[in-house]
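Shown here is one chain on its own, the form predicted alone, set out as structure tokens.
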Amino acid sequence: MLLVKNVHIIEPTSKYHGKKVDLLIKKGKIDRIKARIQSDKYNVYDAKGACMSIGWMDIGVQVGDPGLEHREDLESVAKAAMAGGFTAIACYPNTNPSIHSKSEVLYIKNNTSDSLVRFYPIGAASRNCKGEEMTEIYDMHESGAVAFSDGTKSIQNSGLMMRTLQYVKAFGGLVMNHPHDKQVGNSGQMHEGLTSVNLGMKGIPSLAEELMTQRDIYLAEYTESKLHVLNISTARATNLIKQAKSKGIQVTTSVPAINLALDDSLVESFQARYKVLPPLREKSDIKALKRGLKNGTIDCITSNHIPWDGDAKNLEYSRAEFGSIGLETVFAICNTHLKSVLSLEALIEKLSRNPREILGIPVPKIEEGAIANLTLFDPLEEWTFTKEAIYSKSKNTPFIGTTFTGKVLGLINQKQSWFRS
């Protein structure tokens, strides 16, 4: 049994919201919640007034296993997720082989069944994520895939996207797509704007994202199916989704944490750590994304965790791969950069409740008798993110050496717990 003492509950649906309590975990469930519980018989963790919410979930994670374990394996990504406060992650299908049949779905589920972090596979919409041949979607759904997408690879073929949306509608499924028109993007290296012009670098226009966002909204409306626009980054894409929601189209969306904090001017350093997809955009886009978070247009925030080995990122900018790790810094980034945008309660909702509701996964509760699924964090603690403290196998992040406000202290998921030493 584990007794967590002196925690402030952050969960608006709980009668304990805003209260400082002790919380007893017994056999994987919340046994008691009281102002004070005697600790003589229990293992005790004194939170010293830190906050506790329901466990967080990230729907934007690249897992290297199977086939790319040198970048990230199931154990290392679980450790990174724990350090970031996530008790659950949904995994992109871009592995080798792709998660494109029930065999790969079951591989992920069976090999993570004992993990503190719950893994939810996203099944590939097309075989090998090539955007050509539709996969056996229903078999993957029956095996536990929570959504269907080509992950980091955008579905370019409109017919395939339409048929995928039509197919999943039969069982209430969800299609996720990263909006990036490759023909319009045309091998760009960064956001197309004043900075790219000044640097003489080929740009990725906002139009590449906005055209595909609009296409997918039209297809979702036509098929009357559920769509998640994965990881938007522009002002106009935000407005397109806002308009679609006002029309009653079944669309949700997410934004990567990094795109809320950094803008394209940083690419002037030619450091490959700033090369991500979607690319870092302009300050005006960041302002629009923050408005979208505040007014509810943007439903959740993702890590867009893309691990690369040194050989892929320690190159000159134009030759380096797109992507950054992010699991361990999502909360810190958001708590530092969104203080004037979202209340703490609203931020936690976008990290915990909303991702689960998008995927149709039961939302944990903080009440006596509920299964323990909890994240412990201090929104006021200042700390510096160092390379030595990274749990991920990969170190490709622009935030090494950054001082943040807000730190994850630990988490509990059923009978397992982890606390930062």
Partner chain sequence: MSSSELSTKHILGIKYLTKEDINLIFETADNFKEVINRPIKKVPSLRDVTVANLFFENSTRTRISFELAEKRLSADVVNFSASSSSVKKGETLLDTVNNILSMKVDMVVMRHPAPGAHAFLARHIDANIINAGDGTHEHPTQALLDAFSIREQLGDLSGKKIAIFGDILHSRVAMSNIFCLQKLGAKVRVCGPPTLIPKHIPQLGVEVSYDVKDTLEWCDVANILRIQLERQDIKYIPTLREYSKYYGIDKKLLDSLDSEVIIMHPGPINRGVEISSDVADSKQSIILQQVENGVAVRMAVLFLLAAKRST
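What you see is a predicted model, and the numbers here were worked out from it, not measured in a lab. Residue numbers count along the first chain shown, from 1.
The same protein has a further form, the form predicted in complex with the partner chain, not shown here; the description that follows concerns it.
Novice: Exactly one stretch in 76 to 84, 286 to 294, 263 to 271, 146 to 154 has heavy atoms within 4.5 Å of the partner chain in the predicted complex; which is it?
Specialist: Result of the contact check: 263 to 271.
Novice: Mark G193 yes when one of its heavy atoms lies within 4.5 Å of a heavy atom of the partner chain in the predicted complex, and no otherwise.
Specialist: Yes, G193 sits close enough to the partner chain in the predicted complex that at least one of its heavy atoms falls within 4.5 Å.
Novice: Is N198 close enough to the partner chain in the predicted complex to count, meaning some heavy atom within 4.5 Å?
Specialist: Yes, contact at 4.5 Å.
Novice: If we define contact as a non-hydrogen atom of the residue within 4.5 angstroms of the partner, is R319 a contact of the partner chain in the predicted complex?
Specialist: Heavy-atom contact with the partner chain at 4.5 Å: present for R319.
Novice: Is there a heavy atom of A346 lying 4.5 Å or less from a heavy atom of the partner chain in the predicted complex?
Specialist: A346: no, not in contact with the partner chain in the predicted complex.
Novice: Between the options N314, N96, Q166, S103, which residue brings a heavy atom to within 4.5 Å of the partner chain in the predicted complex?
Specialist: Checking each option against the partner chain in the predicted complex, the one that comes within 4.5 Å is N314.
Novice: Could you tell me which one of Q243, S158, N186, N110 places a heavy atom within 4.5 Å of the partner chain in the predicted complex?
Specialist: By the 4.5 Å criterion, the partner-contacting residue is N186.
Novice: For the stretch 27 to 60, I need every residue with any heavy atom inside 4.5 Å of the partner chain in the predicted complex, listed N to C.
Specialist: Heavy-atom contacts within 4.5 Å come from no residue here.
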